[in-house]
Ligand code: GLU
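This document starts with one chain, in the form predicted alone, laid out as structure tokens.
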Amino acid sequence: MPELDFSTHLDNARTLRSQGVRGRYAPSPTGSLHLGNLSSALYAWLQVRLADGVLVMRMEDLDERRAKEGSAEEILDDLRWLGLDWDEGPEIGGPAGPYTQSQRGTLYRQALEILRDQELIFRCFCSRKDVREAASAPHGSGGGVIYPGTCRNLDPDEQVEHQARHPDRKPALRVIAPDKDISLRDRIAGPYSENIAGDVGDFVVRRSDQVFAYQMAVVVDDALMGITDVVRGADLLPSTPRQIALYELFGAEVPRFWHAPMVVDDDGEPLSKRDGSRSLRELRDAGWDAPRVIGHLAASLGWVDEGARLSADELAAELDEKDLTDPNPTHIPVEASTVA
């Protein structure tokens, strides 16, 4: 594998962006795909295919503790079974690889140096509990605790003192939050704005376990892969201003964002792997075929009638971009489907 270089990848990404729409789907190999994952995958696939663009498959496996053996292969097999293909990825290759995060550590470390050269990162010795319990920690408009800046201005002696209090705890790295409003117009959710310093505070770019934070890795990956359009679940919309700030610090172009509605369960809660939501493998074992799954997902987003059966290509032929920007989500229990 050739040596990875941030600047070279960024120049290549600008060329790729100039050639047309580039989207991506980026699953984590932490278990089987469930209907919530698949809804995001279908949305991302449709956005790219309707724009006659390039779809990138990226495997987000940075957190080795959560990764499950064989999960990546299962995910790719399930997506192919559904008819959701891609143009670049781990098994295909392409001009923006590698397409597996665990192989991109050199790029993340170089990105960290870019921030360090701008004197924008600092070591933070606080645990999550420390931040929550800090007497001076205010709460943002969304109710989350704002990092109070405890470690931002520690001198070298104070850093040694903090490390001595917790000798087994390695410091995280935080980036100094810009004190300005960062706004976007999401293609689905509409306008959204946040002052990172006031609403979030300095945020982590490398965790105390030395794993690069999602905010950092996803920006480096999307920027260097030339991604023009990011389609993902609405739960990630609040993190977007932080990511835009990093794009700007890296001198990279900011993509368009599409935050799609979440698939929910009978209680109105978003589906997740943690809560035991029905996986695609379970549905396949129960006799569901690909047209039934695609029809169910499309119906839950208001694009077709409940009970419809169609392939991904057939669904794409029925939709246009306006359908993607104006979904009409509704909860359809799996058990209530009338498809035979």
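This is a predicted model, so every value here is computed, not measured. For every residue, the number given is its place in the sequence shown, counted from 1.
Omitted from view is the form predicted together with this ligand, to which the following refers.
Proximity to this ligand in the model of the complex, taken as heavy atoms within 4.5 Å, picks out 230 to 238 from the listed stretches 247 to 255, 230 to 238, 120 to 128, 198 to 206. Contact check for E60: a heavy atom falls within 4.5 Å of this ligand in the model of the complex.
Contact check for R24: a heavy atom falls within 4.5 Å of this ligand in the model of the complex. At the 4.5 Å threshold, heavy atoms of S300 stay clear of this ligand in the model of the complex, well away from it.
Though the partner is left out of this view, Y214 does reach within 4.5 Å of this ligand in the model of the complex, counting heavy atoms only. Shown without its partner, this chain lists V263, V218, M225, A172 as candidates; in the model of the complex, only V218 has a non-hydrogen atom within 4.5 angstroms of this ligand.
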